[in-house]
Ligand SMILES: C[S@@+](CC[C@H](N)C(=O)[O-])C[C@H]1O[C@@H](n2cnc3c(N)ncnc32)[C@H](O)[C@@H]1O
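Form predicted alone, single chain, as structure tokens, below.
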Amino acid sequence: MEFNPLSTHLHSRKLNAHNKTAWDLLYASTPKSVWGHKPVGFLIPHLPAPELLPPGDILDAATGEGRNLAPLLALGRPVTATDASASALAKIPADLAARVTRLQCDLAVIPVPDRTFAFVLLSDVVETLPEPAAVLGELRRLLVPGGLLLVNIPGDDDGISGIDMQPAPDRAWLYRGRYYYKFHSRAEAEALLANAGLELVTVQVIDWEEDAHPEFRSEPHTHRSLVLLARRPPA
């Protein structure tokens, strides 16, 4: 899985393929849940009230092992859980897996019709994407007019930034030589959403604690991240 992180000739497609393989191998490396079963620390206070959402389903984009599915199901809408990793999707607890539609796919090419989802969660994902613009554009396609995207985008002040990471081209990093990370300033984060055709509704800086992650990060750690709520403009 190792390759030269300092190469200036890493084509984004090759880097994206390498990155997806690394995450799939991580999920397959342990029978334990890598991220645990508690929802990510910013999620619960930022979930929209179901009655404020337009008609449509719910999408957990890059669901991993499904740590965030229970609160999404509580919104009372059909939930789709996508991930590029078959190993991750296979580890979703059976009681949750029975209540959602699981879909293995690249986040930039999700085989679902336009305007399907009223709410999309993109949790702890943007910083791991070599091509985030393509993914955000795809999520906009899938949102109904007025539909909401909840996304966190960490900057250089995140508690894991640079720790056990090697520099890679274009201000990016490789954690443990395998996992792509790129941290974004507030201006960069807001521009990513705007360039995807999404309107910013709210933005906050949120801190939360995470336990150690089996086979990935051996110590408890603190995250600091921008948490942004954006919407597809009404038709």
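All residue numbers refer to positions in the sequence shown, first residue = 1. Small disclaimer: the values here were computed from a predicted structure and weren't measured.
FYI, the form predicted together with the named molecule isn't displayed, but the following is about it.
The closest non-hydrogen atom of D106 lies within 4.5 Å of the named molecule in the predicted complex. The named molecule is not shown here, but in the predicted complex it comes within 4.5 Å of a heavy atom of S123. With a 4.5 Å cutoff on heavy atoms, L129 counts as touching the named molecule in the predicted complex. At the 4.5 Å threshold, heavy atoms of V144 stay clear of the named molecule in the predicted complex, well away from it.
Site residues N16, T63 and S85 are all in contact with the named molecule in the predicted complex, judged by any heavy atom within 4.5 Å. Partner contacts here mean any heavy atom within 4.5 Å of the named molecule in the predicted complex, and among 45 to 53, 187 to 195, 163 to 171, 63 to 71 they occur only in 63 to 71.
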